[in-house]
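Provided below as structure tokens are two forms of one protein chain, presented individually as structure 1 and structure 2.
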Structure 1
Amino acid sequence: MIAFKLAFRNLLGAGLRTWLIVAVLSFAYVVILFYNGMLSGWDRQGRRDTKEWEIGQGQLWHSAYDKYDLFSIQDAHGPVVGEAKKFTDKGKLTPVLIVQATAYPQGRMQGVLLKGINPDQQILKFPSSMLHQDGQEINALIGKRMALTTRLNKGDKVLIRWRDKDGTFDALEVKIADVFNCNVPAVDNGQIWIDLNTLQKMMDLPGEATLLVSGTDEINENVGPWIYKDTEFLLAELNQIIHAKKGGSMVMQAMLLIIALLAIFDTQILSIFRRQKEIGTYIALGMTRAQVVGIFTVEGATHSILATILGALYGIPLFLWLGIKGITFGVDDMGITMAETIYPYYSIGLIITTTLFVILSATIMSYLPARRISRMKPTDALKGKIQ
């Protein structure tokens, strides 16, 4: 206890230098927290958005469906019956039918995926209620990325040509009822959403779907012929990006911490060097060398405690402010689910581990130079002779 009291008194007595080191260390601490907070914020938002807009609580795929193989789509549809139908009726599953089609915006030809969804579904955040038909016109929804590439706006009409289940050509004009804004490119790029019933009629596939989006955690295995894909499988890409980003940032954080620790190391050497008389006095008063080493180690490590306190002083308001305001990146269309505005998220675990890590590494860095004390001759130390 005496070591702590002494440490604080000594540090505060050292004035400016202490505060500079504390400032640097607190800065490293805050940046590490911030960066990790930002990544987990991105991760959480990405996961949340992907779940809300695309995958729900998991999906049930038709056995022939392959997300990456466009040609698989032609045969990847089946009737929603039995168990799957029961879940659907209860609103726990919402079927999506996916069909390949060709759109002709302004006479240009573009391959699209036509996706049918129930306008009354509640599982996805998707503004599907816009798809309710008013009269003869077929309402369609597209995302902002699709709107950009096709140069279609709200209210525009676009001709779509598709082939029904027997291969018979059909073509129709649909009206873009709205352009939705979402962070999940997987429901946006190259896609036109329409009412599921209409699409089933257009395809002559009544009651059929390509996949079912689950809105409940009750479903965690295959339902009839439908193959269950859990959220981890569906989020694999996002997880990988976050992992990758964490890898890249680790080096940066390590370097930042090293810089701060270098300052502590540096100061420890300086203190031991300047305070030989003091060290000699402690020993003369009957302290063991280990105890003196302890005093100096605690003193060095106290920098980190002060740093966490200082960090908290400006970090908490800063983080709170960023947490409310978010960080706007405006990044778009990179094919990755990333919100325009990221709200950093700081978990208790992250804060505790980062704090412990900073204090522990500061302690080690303080201990290393302090070891020299144990090699000092107390008599010389008392005289203040440089050893």
Structure 2
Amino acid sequence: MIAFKLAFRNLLGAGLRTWLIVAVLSFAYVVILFYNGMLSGWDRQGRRDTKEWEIGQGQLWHSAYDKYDLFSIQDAHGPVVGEAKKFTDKGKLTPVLIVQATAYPQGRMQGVLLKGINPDQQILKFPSSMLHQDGQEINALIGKRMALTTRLNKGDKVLIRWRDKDGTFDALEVKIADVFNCNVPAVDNGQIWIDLNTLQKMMDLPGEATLLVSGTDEINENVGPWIYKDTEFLLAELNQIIHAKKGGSMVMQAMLLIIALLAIFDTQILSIFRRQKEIGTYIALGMTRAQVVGIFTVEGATHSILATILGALYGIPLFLWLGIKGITFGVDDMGITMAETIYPYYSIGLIITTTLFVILSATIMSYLPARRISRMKPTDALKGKIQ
């Protein structure tokens, strides 16, 4: 208790110097929280959007399907029968058939993935209900990125050419029923969506699919010939990006923290140099060297405590405002699952961990120069001699 009283008295007596150190340390503290909160918010949004638009609660892949190998798509399809058919009829699985095709927007040629999905599915957020045919025209959906690439708009028609299971080329014209807005590039880039039954007839593959999207946690293993892929496997790319960003941000965060800690370190060295007579007096009055070291260590650590309090005064309103307004980057096509506006997420664990890390770092940095006190002789310290 004496150490804390003396530490606070000495810090307040230092005046402006103390508050400059506290301000720098609080800035580093708030920036570390802000950046990690932004990455956490991006992670939460990305995972939620990917599940809602693409992967559901997991997927079942045909044994020949590999989303990183376009050459596997031609043979990556199979009949949805047996247990898989039962889950599909109950609405717990929705089949997706993927076919390589070529689109000719405004006479230009562009390779695309033609995907078929049930218009009545309720598992994905995808607006598949727009795929219901009205008359003889075949409705199709494209995303905003695809619309920009092909310069197609709602109501436009585009010629599609594909090759069926026997290798025979065929072509027809589809109508763009709508352009949807989606943050998941894997549902948008280079893709045209049509009714599943229509695509199966075009390919002469009745009742077949490339993958099955699950909408329930009940399915967590292979179903017949279909290979189960859980959400962690399907979100591996996003996780790797987030981890890479967190690793890169550690450099900036470390630099900010080191600047603040160096100020504490220099202050402690200067304080010990100028207050040798005071140190000698403490020892002469009966305080042990460990107690005196504790006083100076607590002084340095108190900087971090004051910094967290100061950071909370302007950090909490800032974080609350960002949580409501979000952070808009002005770019909606990053090539990765990322919303135009990110809403930071500050968990209790993140706040506690960051606070303890800053306090512990400041305490260690204060203790290092204070160790010199243990080697001082009381008589020399009273005389103000430098050792």
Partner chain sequence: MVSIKPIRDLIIIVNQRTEIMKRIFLILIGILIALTMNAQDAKAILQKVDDNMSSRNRVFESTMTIHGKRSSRTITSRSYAEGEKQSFTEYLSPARDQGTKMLKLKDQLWIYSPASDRTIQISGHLLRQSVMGSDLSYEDMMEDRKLTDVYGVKIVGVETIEGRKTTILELIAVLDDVAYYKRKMWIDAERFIPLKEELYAKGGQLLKRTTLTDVKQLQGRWFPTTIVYKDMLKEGKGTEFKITGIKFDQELPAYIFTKAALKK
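Just so it is clear, the model here is predicted, and its values are computed rather than measured. FYI, numbering is relative to structure 1, first residue = 1. Just so we're on the same page, rigid core means the largest C-alpha set that superposes within 1.5 Å between forms.
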Between structure 1 and structure 2, the form predicted alone: 2
Is_shifted residue 314 between structures 1 and 2 (CA, 2 Å cut-off, rigid core): yes
C-alpha of residue 305 moved at least 2 Å between structures 1 and 2 on rigid core: yes
Rigid core superposed: residue 260 CA moves 2 Å or more between structures 1 and 2: yes
Rigid-core-fitted C-alpha displacement of residue 362 between structures 1 and 2 (angstrom): 2.7
